[in-house]
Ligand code: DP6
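So this first bit is one chain, no partners, the form predicted on its own, shown in structure tokens.
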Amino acid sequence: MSDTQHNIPNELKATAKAHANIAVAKYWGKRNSDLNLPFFDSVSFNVEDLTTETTAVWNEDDFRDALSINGWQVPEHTLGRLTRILNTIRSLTGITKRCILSSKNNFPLSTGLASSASGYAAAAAAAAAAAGLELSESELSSLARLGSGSAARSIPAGWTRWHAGNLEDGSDSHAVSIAPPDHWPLHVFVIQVSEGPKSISSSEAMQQCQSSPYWPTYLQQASQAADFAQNAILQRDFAALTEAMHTNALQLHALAMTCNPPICFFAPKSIEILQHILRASRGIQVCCTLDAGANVVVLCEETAYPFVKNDIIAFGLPFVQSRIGGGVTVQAKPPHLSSE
């Protein structure tokens, strides 16, 4: 970000909205935990109707940075990853003010639906815009990555690829859009199996999974998954996308269940839905994935939509019906006008 321009406004306030993203080829494991640098590339899509909206205000009157989510104040001692982002902005701008962030999610937190991705993406975009930073998309993606690795993928629009990069400072580790939201008009269903938080955070689970005897094999296979997934997306090859999603997701969960101590993210209903979708995918264009949590995300083509929706309704669980979503958006002052 050495060539970044900034122009500090009088009113240091901005609002940003970011979408949760769901990985087709997953990010799992860090070669550098402080900078959230992954071992290999990952590929995902943004979900239009899963969003976080965050307002950031830089204020001289406050003694410390602060964050509230859905009206609840986040304890100061848990703000470490957010502080990385804010300190980077301070170092780029010379601002000495504290930043107060207020965030609203329209979906449950810490349940495996990438709330940290949309959360840190929105926080980074709002705080940077409020500080007057004019960041490129890749710079903003790198900034969001400091909070949560997967947040890098919530900055660009549509289908995105996060490049792991090779540099030790992480300056080449950011996400780019590989296809816009309307490239492939798939239906997205997010089935809420669990409202409660996961028993273990993704960061902890990633570290623990390296104790599995299958970690070296997983690392080798997962390193090739992004290319396979990207080709399927660019060619709109649903059979290849199904293979990519199912193989990558099940390999991750198998790895988790073979580490020490074992981790099982599935709930009984997760397995029921997974088995149903795996059977259905042999006859119609439908596939699914699970991130590090119990909730299930289903994709389908238009031809399969009536059947898939009926089946999802029959599960009797809350779900969100959506499409592939856009990238992060920012509203600068006055609040009702967009900067785009």
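From a predicted model like this one, the values you see are computed outputs, not experimental measurements. Residue numbers run from 1 along the displayed sequence.
This next part talks about the form predicted together with this ligand, which is not shown.
**Q** Which residue, 249, 259, 206, 157, is the contact with this ligand in the model of the complex, using a 4.5 Å heavy atom cutoff?
**A** Checked against the cut-off, the match is 206.
**Q** Scan 298, 67, 56, 292 and let me know which has any heavy atom within 4.5 Å of this ligand in the model of the complex.
**A** Result of the distance check: 292.
**Q** Applying a 4.5 Å heavy atom distance criterion, does residue 30 contact this ligand in the model of the complex?
**A** It does: once this ligand is placed as it appears in the model of the complex, residue 30 has a heavy atom within 4.5 Å of it.
**Q** Give a yes/no on whether residue 324 approaches this ligand to within 4.5 Å in the model of the complex, heavy atoms considered.
**A** No, residue 324 is distant from the partner.
**Q** Is residue 270 a contact residue for this ligand in the model of the complex, using a 4.5 Å heavy atom cut-off?
**A** Residue 270 lies outside the contact set for this ligand.
**Q** Indicate whether this ligand has at least one heavy atom within 4.5 Å of a heavy atom of residue 23 in the model of the complex.
**A** Yes - in the model of the complex, heavy atoms of residue 23 and this ligand come within 4.5 Å of each other.
**Q** Where, among 142-150, 209-217, 176-184, 163-171, do residues come within 4.5 Å of this ligand in the model of the complex by heavy atom distance?
**A** Of the options given, it is 142-150.
**Q** Judged by heavy atoms and a 4.5 Å cut-off, are 36, 81 and 116 together in contact with this ligand in the model of the complex?
**A** Yes: 36, 81 and 116 each sit within 4.5 Å of this ligand in the model of the complex.
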